[in-house]
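Okay, here we've got a single chain as structure tokens, the form predicted alone, with questions on binding and movement later.
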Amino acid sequence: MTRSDKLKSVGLRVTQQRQLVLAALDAIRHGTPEEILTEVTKTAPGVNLSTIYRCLEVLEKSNLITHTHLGHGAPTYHVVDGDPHIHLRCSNCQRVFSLPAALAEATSTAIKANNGFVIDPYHITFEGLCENCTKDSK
């Protein structure tokens, strides 16, 4: 499905800015508003940060993108692209890895059974050390 089709499928008007934000997220996978702006300005130098924030708000309300918190600071956005995923963030090199949410299914099920709380898998982030940083610390 094209970006234009995605926008139309949720009843949004197709604008260049919305398409640019979706393209940026496709390219970088996960990004803060500032990182998205950097990617967008590679092809559209006139776009500013307030435009990025407005587009992110509209796209998130339409469930085309979502955000998570990968540490302190601005939220990190990513496209809702099929199967939900959880995030691993290396506290040393800052790399972000996505894994199928099914890996956290047992924990999610236990929390729901014990507390009635339903977890949004897109907002799950585990912080630790990636394989490379673990090797480097030995």
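In this text, rigid core is short for the largest set of C-alphas that superpose within 1.5 Å between two forms. All residue numbers are counted from 1 along the displayed sequence. Because the structure is a prediction, the values reported are computed rather than measured.
A second form of this protein, the form predicted in complex with another copy of the chain, is not displayed here; the remarks below concern that form.
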Given that another copy of the chain is left out here, which of V80, L37, L88, I28 has a heavy atom within 4.5 Å of it in the predicted bound form? L88
Answer option from K42, K61, H69, R54, heavy atom within 4.5 Å of another copy of the chain in the predicted bound form: H69
May I ask you to state whether T125 is within 4.5 Å of another copy of the chain in the predicted bound form, using heavy atom distances? yes
Please run the contact check for T107 against another copy of the chain in the predicted bound form: heavy atoms, 4.5 angstroms, yes or no? yes
Heavy atom to heavy atom, is A23 within 4.5 Å of another copy of the chain in the predicted bound form? no
Would L12 show up as a contact with another copy of the chain in the predicted bound form if we use heavy atoms at 4.5 Å? no
Even though the chain is shown alone, can you say which residues of 83 to 120 have a heavy atom within 4.5 Å of another copy of the chain in the predicted bound form? I86, L88, R89, C90, F97, L99, L103, A104, A106, T107, A110, I111, N114, N115, G116, F117, V118, I119, D120
Rigid-core frame, C-alpha of A23, shift of 2 angstroms or more between the shown form and the other one: no
